[in-house]
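The chain below stands alone, shown as structure tokens; this is the form predicted on its own.
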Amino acid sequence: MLRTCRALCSQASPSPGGWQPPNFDGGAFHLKGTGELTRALLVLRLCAWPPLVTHGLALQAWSQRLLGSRLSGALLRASIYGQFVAGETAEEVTGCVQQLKTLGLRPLLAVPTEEEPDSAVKTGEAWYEGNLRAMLRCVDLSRGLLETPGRTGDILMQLKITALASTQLCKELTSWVRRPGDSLELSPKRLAEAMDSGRDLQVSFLNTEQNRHLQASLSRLHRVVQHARAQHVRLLVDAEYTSLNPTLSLLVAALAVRWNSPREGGPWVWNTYQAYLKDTYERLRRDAGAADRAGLAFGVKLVRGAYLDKERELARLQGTEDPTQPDYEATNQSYSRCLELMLNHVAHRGPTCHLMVASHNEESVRQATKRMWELDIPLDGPICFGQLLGMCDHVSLALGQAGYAVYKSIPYGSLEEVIPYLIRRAQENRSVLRGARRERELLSQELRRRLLGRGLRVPH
């Protein structure tokens, strides 16, 4: 095992004389056990089967009725849950993270929350307060997983704003944000002052109940970021649907005013930009420039996007322009342009600008590593890579062994909490699951090699 790790590091580390492209041929699978690889192959094949993804919640309920909760739960833990989830208890999460660390990978914890608009329980104020407590515990858990945070060991955690503020409120605010000459009542500075002071914020176009919920939501956000800053944990805010994103960006901008000052060691709050939307490049360029002019640190998680089918269907039903790129190639071009923009921004601004290249696409990752070398951005600098736990390991492992900072997005929690979350994420990420064909092929090759009894192959 030690010889294998050394060989992978020697092969993948950038040469002093020039850039060496990372090798994503599955050689790093030697670092994982046969049982892990077998489960990964079976689960990824199952997830590529459309009926399972489409009817996942119904199939889960049917399995519980037919097999009973105990047996059904055991099957899920041995398959989908075990592949994509760190565990339920702090001890299980810690064990998963320790295993990742031995592979050169880092944790990006995520609290799985699913608002249900028709449920009084899962939209009431008590539910959001419960989510706040879960977020604060996640901050503490994230902090406890890394002993020495710093430039070479930043602690990152995902934050979903609609776990702390209702989607209905976000839609209402978005309708005003999008109006020409949007209201000064919703300026980031005014929202930041309300967060910091705790004074009631009254917005004229909201009713009494909505204003009360807005104030409570701002308080929850402030408490999470305040606690995260104290624990040296950086928060990556999830992007969601286009009907919500303008409000999410507004709230991130308000938090940035308070917490992303270089004096605070920021950025502590990052926003997520979805390259599959037509306006993303211009928004990213505008936001990066605004942060620069304001003297604020700037943090970006760059993704392709997960809500393609729903966004297109919603635009069709509403008779509005489709906000998404016309095809996959256009999305790739958008991602490449946004990536180039941010890499140059990082090279110019240094440690006050951070970027996560959150991609399962090998060409995007190669582009990032090549441009990092050309722009003289160090591997232990403010750029990192991100993939989902249980997926794209041939990329994650190769990057981690080469010395890049690589994070795996890690949901955790009970079966009851996580399985609905996983199924909905699978429905949103159908293209990613279908696109895992190359990973399945590499897994098959490695398992065949082991079953045929050939010796340990060390890449060279």
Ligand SMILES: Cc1cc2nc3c(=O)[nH]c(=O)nc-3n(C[C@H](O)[C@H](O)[C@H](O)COP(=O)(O)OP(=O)(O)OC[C@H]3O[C@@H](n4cnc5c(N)ncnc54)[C@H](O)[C@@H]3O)c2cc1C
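Just so it is clear, the model here is predicted, and its values are computed rather than measured. Position 1 is the first residue in the sequence shown; the rest follow in order.
If you look for the form predicted together with the ligand, you will not find it shown, but the lines that follow are about it.
>> Check Lys301 for me: does it contact the ligand in the predicted bound form (non-hydrogen atoms, 4.5 angstroms)?
In response: Yes - in the predicted bound form, heavy atoms of Lys301 and the ligand come within 4.5 Å of each other.
TODO: Considering only heavy atoms, tell me if Tyr276 and the ligand come within 4.5 Å of each other in the predicted bound form.
DONE: Residue-level check for Tyr276: yes, a contact with the ligand.
Notebook entry, point to check: Closest heavy atom of Gln325 to the ligand in the predicted bound form, within 4.5 Å or not?
Noted result: Although the ligand is absent here, Gln325 would touch it in the predicted bound form, with heavy atoms inside 4.5 Å.
Check your understanding: With the partner left out of view, is Leu164 within 4.5 angstroms of the ligand in the predicted bound form by any non-hydrogen atom?
Key -> No, Leu164 stays farther than 4.5 Å from the ligand in the predicted bound form.
Partner-facing stretch of 374-382, 307-315, 67-75, 254-262, counted where any non-hydrogen atom is within 4.5 angstroms of the ligand in the predicted bound form = Among the listed stretches, the partner-contacting one is 307-315.
message = With the distance limit set at 4.5 angstroms and only heavy atoms considered, check whether Ala358, Asn361 and Gly386 all reach the ligand in the predicted bound form.
response = Checked in the predicted bound form: all three residues contact the ligand.
Problem - Sole residue of Asp238, Asp140, Glu88, Glu193 within 4.5 Å of the ligand in the predicted bound form, by heavy atom - result: Filtering the options by heavy-atom distance leaves Asp238.
- Find the only residue in Thr369, Gln158, Ser249, Thr113 having a heavy atom within 4.5 Å of the ligand in the predicted bound form. The option sitting close enough to the partner is Gln158.
**Request:** Note that the ligand is not shown here; using its position in the predicted bound form, name the residues of 89-113 with a heavy atom within 4.5 Å of it, in sequence order.
**Result:** Sequence-ordered list has one entry, Leu108.
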